[in-house]
Every structure is written in structure tokens, then in C-alpha cells.
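Given next, in C-alpha cells, is a single chain: the form predicted on its own.
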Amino acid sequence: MKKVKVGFIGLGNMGQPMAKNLLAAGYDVHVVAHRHRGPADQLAVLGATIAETPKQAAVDAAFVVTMLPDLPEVEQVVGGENGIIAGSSPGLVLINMSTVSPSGIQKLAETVANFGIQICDAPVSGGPVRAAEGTLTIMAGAKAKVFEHSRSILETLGENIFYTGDTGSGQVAKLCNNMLSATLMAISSEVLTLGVKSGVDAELLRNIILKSSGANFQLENWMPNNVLIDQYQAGFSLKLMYKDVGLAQTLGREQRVPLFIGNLVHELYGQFMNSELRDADFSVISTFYQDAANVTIANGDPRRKSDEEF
């Protein structure tokens, strides 16, 4: 029996392990190298075919999955003489797993429909670890038949699959989640800094909160791998979180919903966007508080020798 061909575009921290899971599930995966060829070469060792262009990845494919930073990158690989449209056949389903503007993905769906392509818009949550495990949470917006047709792909990549309704509705759910996630990281950093500066051990304070009414996902699952060891190299980048909260702001304006706290959080993350720390994990936001208070959450040590260095 001929394997189902799946094109996969976007082999970053999330995309590469997702493509690997599709290979393990028996799909004929064709990947497109982007800025760095290394991830594509690694997948080729596991059986993937390297396509030189999105057009090549789309030829005879049943699905093309995109896992890219934002809508402009998705639009770039869709259009043009070497884009997905140029290589597609009617019936192709584009599974967009990038976090983008809800209205933007709706417009793209209208455009590609003219070429017989349908979109299953399916942003994800869970980070690189859950991407590797195939246990992502996926919020899928599409026509019901398109969603059902795409279900096998989604279930290979995720554990919690939610059908949210029409195209763009998955993005709404994802933006709500990420705005809350960004806020929880900021306030958790704030209270840990306050506690440690006041003489309470960070791990002790964390354990107390996790057994109390302030318990949250960031404090329990994310911060031990970065804030509590004062390392911020891996995970979900601050610049992407800043982008997502910005998209939520735009949605709020479109829907006339006030986002007082979300706006403040976006401004806070924006303080890092002109520094190299924008590429670090979004938990690096905690250093804003740690530096201001001259205390390290991980061990209680000062961040600098004297206030004159601030």
C-alpha cells in the first residue's frame, strides 16, 4: 500500500520532532530545509525526503504541514512560482500549525480555496518536549470534513485534540492561552523574586504555592527548567511570546474587548525585544525582576556587587 505523502515546512525546535513523529507513524514525509539544512539532513537519515522547495514538497502530497514563526512566513511558502500552490493538486490540505492572526489565516484560506486547497488551522501548545513525545495540545479550526480528514495527522502529533469550529477559531483559542501563559510567567517571576529577596527559599516558596490557591502550570512545569536554575537558553522564545500577545491585543481591538493586563504584559516583554535576550526562553522575563531587586531566584545571591552597577 502506498504511503500517504506529507510535506513538512518549518523544522525548528517544534517542527523537527513533529516531522520525526510523522516518519515514525509511517508517513512519506518530504521536508524543506530553511535557514539551516542540519535538521532536514537529520530527518533524511530517518527516512525523510528533502524537497528543495515548498512546490516540490506539495507535488502529489495529501497534506502539507507548516510550523513557521508567523503568517508572513506561511504566505511566503504558499505563494510564488516555487510555493505550495504551484505544486499542489486539488484536494490538498494545508495544516497550518503556526500561531498567526485569526483573520489573516481566514483570508489565506479563501485564497488557497481558489486552487482547490483547504486549510486545517491547528496551532499547538506544549513546547519542544511534548512535540517530541507526540503529546501536544492541538486547537483545530476548519470545515468539519477537513478536520476529520486531517485527524490522523493531528493524532500522530498531539494527545489532546480540540475541534474549535471554523477556520481561525483555533487561533483564537491559542492566543487566549498564550496571553494567559505569558501573564502567569510574569506574575510567577514577580512573586518568586519578592519571596527570595525577603528571605524565603525559592523551591520552598514554589512548593507552598503549588499546594495553595496560587498554583499554576508555569510555576509547576516550566520554571524548574529555567528560572530555578538561572538558565534560559531553550524552550519557547520571548520574541514569539511577544508576537503572540501582540496578536491577542489585535484580536481584542477587533472584538472591542479591553485587555488591560494583557497590554501591560506585552509592554513588559517588549523591554527585551531590542536585546539578544529576545531569542532566549520567554522565562527570561524573570531577569527583569531579579535584576531590579538584585537577587537571583535560583540561589538567593545578588545579581551584581553593588547598586552602583545597576
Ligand code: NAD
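We number the residues from 1 along the sequence you see. Computed from a predicted structure; not experimentally measured.
Beyond what is shown, the protein has a form predicted together with the named molecule; the following relates to that form.
This chain is displayed without the named molecule, yet in the model of the complex the stretch 243-251 from 243-251, 56-64, 257-265, 43-51 comes within 4.5 Å of it by heavy atoms. The contact with the named molecule in the model of the complex, taken as any heavy atom within 4.5 Å, belongs to Val124 out of Ile105, Ala182, Val124, Ile84.
Among the residues Gly116, Pro128, Gly165, Pro224, the one placing a heavy atom within 4.5 Å of the named molecule in the model of the complex is Pro128. For the chain shown alone, Ile297 is not a contact residue for the named molecule in the model of the complex, no non-hydrogen atom being within 4.5 angstroms. Contact check for Arg37: every heavy atom lies farther than 4.5 Å from the named molecule in the model of the complex. Shown alone here, Thr111 lies farther than 4.5 Å from the named molecule in the model of the complex, counting heavy atoms only. Contact check for Gly270: every heavy atom lies farther than 4.5 Å from the named molecule in the model of the complex. For the stretch 64-82, the set of residues having any non-hydrogen atom within 4.5 angstroms of the named molecule in the model of the complex comprises Met67, Leu68, Pro69, Glu73, Gln76, Val77, in sequence order.
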